[in-house]
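So this first bit is one chain, no partners, the form predicted on its own, shown in structure tokens.
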């Protein structure tokens, strides 16, 4: 049973920038499902993409893995494939809890390695798939292109990169942001919780437009970039080398 996310509720709340600490790790499954519309479908389809792109002798990376949901979806789809999955996160609290979530692999599943590290320092080698699932948005904008370039340089032919982001909206698209707020209210978050979490994320999560992400992926060397999933102001792009 998931622990309920009540971190931004109650009189004892102390304003601070959002951090992936032990408190967040303890409620993360509930938080992510109640905050990101379509999350379960997105994770399932990442597994489906892994089944299409993974090849023997390669590595699949989940960069900024949190509790390893994408890594788990990839591993469970690749039974019998002689590859490996590497899940990376800079939060020790997330990695420790991920060990419990990822225990007990199915028979003949590929090995899954957990690493507590800054993804900007991880060497990408022989990658048939790289997943940045709600990850790039937490890096300074000026560092994002180099991360994508390093991913591209480390990929094999036939591989793919999945980039999922909360995007900045303009003009009439603003309706999608209102729909996202309605979604969170429908999940049981109060107006106060929504406002407090928004303030906590304000200096930590810097969203950009869909067009900015598409252009950056092309600049990083990907020949084809398609938006394969969208729900309100959350999008996922599939980039092919």
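Positions refer to the first chain, counted from 1. Just so we're clear, the structure is a prediction, and the values are computed from it rather than from any experiment.
Just so you know, the form predicted in complex with a small molecule exists too; it's not on screen, but the next bit is about it.
For this session: Considering only heavy atoms, tell me if residue 156 and the small molecule come within 4.5 Å of each other in the model of the complex.
Result: Taking the distances in the model of the complex, the answer for residue 156 is no, it never comes within 4.5 Å of the small molecule.
Exercise. Does residue 90 reach the small molecule in the model of the complex, with heavy atoms at most 4.5 Å apart?
Worked result: Yes, contact at 4.5 Å.
Exercise. Is residue 37 close enough to touch the small molecule in the model of the complex, meaning at least one heavy atom pair within 4.5 Å?
Worked result: Contact check for residue 37: no, nothing within 4.5 Å of the small molecule in the model of the complex.
Exercise. How about residue 170: is it within 4.5 Å of the small molecule in the model of the complex, going by heavy atoms?
Worked result: Answer no; every heavy atom of residue 170 is more than 4.5 Å from the small molecule in the model of the complex.
Exercise. Counting only non-hydrogen atoms, which stretch in 60-68, 171-179, 212-220, 187-195 is within 4.5 Å of the small molecule in the model of the complex?
Worked result: It is the stretch 60-68.
Problem set entry | Contacting member of 163, 119, 73, 151, with respect to the small molecule in the model of the complex [4.5 Å, heavy atom] | It is 119.
Exercise. Honest question, do 94, 133 and 137 all end up within 4.5 Å of the small molecule in the model of the complex by heavy atom distance?
Worked result: Yes: 94, 133 and 137 each sit within 4.5 Å of the small molecule in the model of the complex.
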